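Only one chain is given next, in structure tokens, and it is the form predicted on its own.
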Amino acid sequence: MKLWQKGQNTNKEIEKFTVGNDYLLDQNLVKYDCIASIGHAKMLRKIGILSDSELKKLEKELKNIIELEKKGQFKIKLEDEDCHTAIENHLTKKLGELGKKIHTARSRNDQVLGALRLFEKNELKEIEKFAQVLESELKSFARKENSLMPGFTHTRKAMPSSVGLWAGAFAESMNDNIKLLKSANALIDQSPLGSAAGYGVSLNIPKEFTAKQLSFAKVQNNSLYVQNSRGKFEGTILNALSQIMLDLNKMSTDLIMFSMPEFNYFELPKEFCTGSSIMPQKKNPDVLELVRAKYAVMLSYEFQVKTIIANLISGYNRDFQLTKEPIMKGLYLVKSCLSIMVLVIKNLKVNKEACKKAMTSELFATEKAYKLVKQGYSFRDAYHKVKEELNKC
């Protein structure tokens, strides 16, 4: 039985189209929807809708659903539409009339947002841990490897650099990315429960109590903004994730180039590389090429969300359903890419001889100019003097 159904049967093709793969995606939200429902039930007890015994029964069965889902024994079906319907139907089947009380003072609109935000908060904390590990590995690599190597501008040798400077640049950027993750997490750390379909409910409900039960930092007060923020908040998260993927994209590109035999500054372990079906000698950096490409995939998720929510009037629109998949995919993509890059950096080798050999004389041209400046030359005269010497060479 659908939560909104009024007795009529839904056309099967319409049902299949409107549900899409939402019922599959919601398998990720079962735990969080149950947690939010427990907090909601405690609020219903506080205002007298539920008795102590009723609350205990609901809480016990909601926790049972979480355990069933862990074991793969709580499956959402197409006809359920989403996890909310599947959970309420289960409660009604197990607890009878009591199961019908759980939806008091809420709508699927604030219900899905409550579950989504709990899910997103958890995922962002996990991603932050992965980013911290990568930052730590990069710092360790920077301290351990002190080889000089060429620095490049315009893809041409420019000035002396070092392996430590290269790795340290990405470590520092990852630290900035962690700040962006914290900022995104702080933004979504607002309880939407009590806003219902965007216009509140006539019952006097203590929103702050529910927010505290679910460890939200605050209540999102304006009920209409709760709906207007759907997609906006997800777009903010995806923007932070895109910044991480931009760094991984650049890091991958550097490693692909610097591990080419023509450069040979870095070396990937053989077991990290793939081969060719026709060329026996090939050792291909496919893992880095895929990480590099997934930046574009991440941008597509961000673009999807931000374009889906554009040009909608205030309030809930079914378009929002389509923002769920890109945010979930984006969160999982970043976790997998961060874990892969931790593995790469941890096992990356530096060819010190190749780095030393690459430190050719033109890299020190600017340094020569500054030596002349110290002798009293103007920088421009020193610049031209060194340039003439290089031209003669």
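Residue indices: 1-based, along the sequence shown. On a predicted model such as this, the values are computed, not experimentally measured, just so you know.
What comes next is about the form predicted in complex with a further copy of the same chain, which is not displayed.
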* Which of 208-216, 308-316, 72-80, 121-129 lines the interface with a further copy of the same chain in the model of the complex (heavy atom within 4.5 Å) -> 308-316
* Asked: Is there a non-hydrogen atom of Ala196 within 4.5 angstroms of a non-hydrogen atom of a further copy of the same chain in the model of the complex?
  -> yes
* Asked: Can any non-hydrogen atom of Lys329 be found within 4.5 angstroms of a further copy of the same chain in the model of the complex?
  -> yes
* Does Phe141 make contact with a further copy of the same chain in the model of the complex, using a 4.5 Å heavy atom cut-off? -> no
* Going by a heavy atom distance of 4.5 Å, is Val133 a contact of a further copy of the same chain in the model of the complex? -> no
* **Residues in 281-301 with any heavy atom within 4.5 Å of a further copy of the same chain in the model of the complex** => Gln281, Lys282, Lys283, Asn284, Pro285, Asp286, Val287, Glu289, Leu290, Val291, Arg292, Ala293, Lys294, Tyr295, Ala296, Val297, Leu299, Ser300
